[in-house]
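Same chain, two forms, each on its own as structure tokens: structure 1, then structure 2.
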Structure 1
């Protein structure tokens, strides 16, 4: 049976690749996509999401969600949204390089749909948040009973050793640390964190992108071209390469072995507004946990060759 999945996105070029994998792979039953603020304001992330699904002709319902983080934008000294979006624009561009969407989002709000769908489920849905976790946190706060209905959360976010938006914080968590704290402390039965430590190990090269384009499918062409754009702006130790962060989390749903050095940890988020604001705190020291139980698993590496092969296999498909 295909795994039931809800994907929560803030597209974003790497979100776009994750979307296409989820919508095309026969082992995934993509129930719907919820959209949040993040890489861009909500109106633009929503349009980008619809563009991707239209491009591959995937009739997946899309739900618009939170337009702002829970608290971070309230204090301009803490988060200046104009400056954030200008920064991301320099890296990601304004809109995805795909035709304008012709489809429309569903009328129901993402948070309401999440609650309704999870409560009606048999506890067999995996949530895959690959942006700020505002939608998931709001749903948990409004209806805590959904926690016991979530099979697993596999999220792209956080960093153990080094951040990207600050020296300690990764962008998705930093954008709404309060939301991440709510989700990670909700008591969900299994949480797997796919941090920068893993996604930078699972990089793709220019040659990999050219191989995706050569597949000749709408998904392969789009993924290759979108990722080539990321390579132009990437700063990593491997030349002509870049991570596709969110796609790795989606691939981990299909095959957990794509993640390496996966360790149990006690996981939390710093949301104090200081220099370490948005930092994910992964306590990997079982000897000092005492009576505490591990609250999550964190991947510190990735099988790059397996990841690239999974991209090719998934993106060679058509609806």
Structure 2
């Protein structure tokens, strides 16, 4: 039975790979895609999302969501969007190098659709946020009853050892720390965090990208080319390799064994606006959790070979 999934994205080159895996793999029933601000302003993340699904001819409904974080943009000294987009552009690009979209988003707002879909469900939907968690947080605040309807949240975000947008914080969480706090403290029955520690361990190489392009499918060609651009962005500081952060989170839905060194923890986020703003706090110390049973799991590693094999298997498919 395919797993029902809602993917929340901010494309973003690695989001594009996660979208194609979700849309193409027979073990995933992609109910819809919600789009958030993040790597780019919402208008651009929305167009990029539509371009990806049009490129692989996948008729998946797309819903536009939040155009900015809950609070972080209020004080320009805390987050300066112009500076952020200039910084991220090197790795994530601006408009994805795909033909302009011909499809349109749904008229319904992403938050309204999330609430309607989750309330009507049998509690069997996995949410996969791979951008700032603003849409998910807004849905929880508007309709708390959805929390018990979420089977699991598997999110790309956070970092235990080192950040990327700051020494301590990872971009998705840093872009909306308050939203992440709401989601991680909502009492969702299971939360799996796929942080930079795991996504950097699951890096792909230039040769892996060339093998994806050699598949000759629209998804393989796009994923290989988009990731070669990420390699040029030199996010890892090592030559000829790059993480595909969001794709690893999506693959974890298909096969949890792609994540390694997964540990139970109590998760929270620093949102104090200071030097550690946006840092994820994973309390891995058993016995000090008190009454808060750990419903979160953090992956500190990844099975790189298994991940690369999963990419090849999923992206060789056509709609």
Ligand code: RIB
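In this text, the rigid core denotes the largest set of C-alpha atoms whose superposition between the two forms falls within 1.5 Å. Here the structure is a predicted model, which means the values were calculated and not measured. Positions refer to the first chain, counted from 1.
A.B. asks: Look at both copies of the chain and name the one that is the form predicted in complex with alpha-D-ribofuranose (RIB).
C.D. replies: Here the form predicted in complex with alpha-D-ribofuranose (RIB) corresponds to structure 2.
A.B. asks: Would residue 290 count as moving between structure 1 and structure 2, using a Cα shift of 2 angstroms or more after superposing the core as the test?
C.D. replies: Comparing forms between structure 1 and structure 2, the residue 290 CA shifts at least 2 Å.
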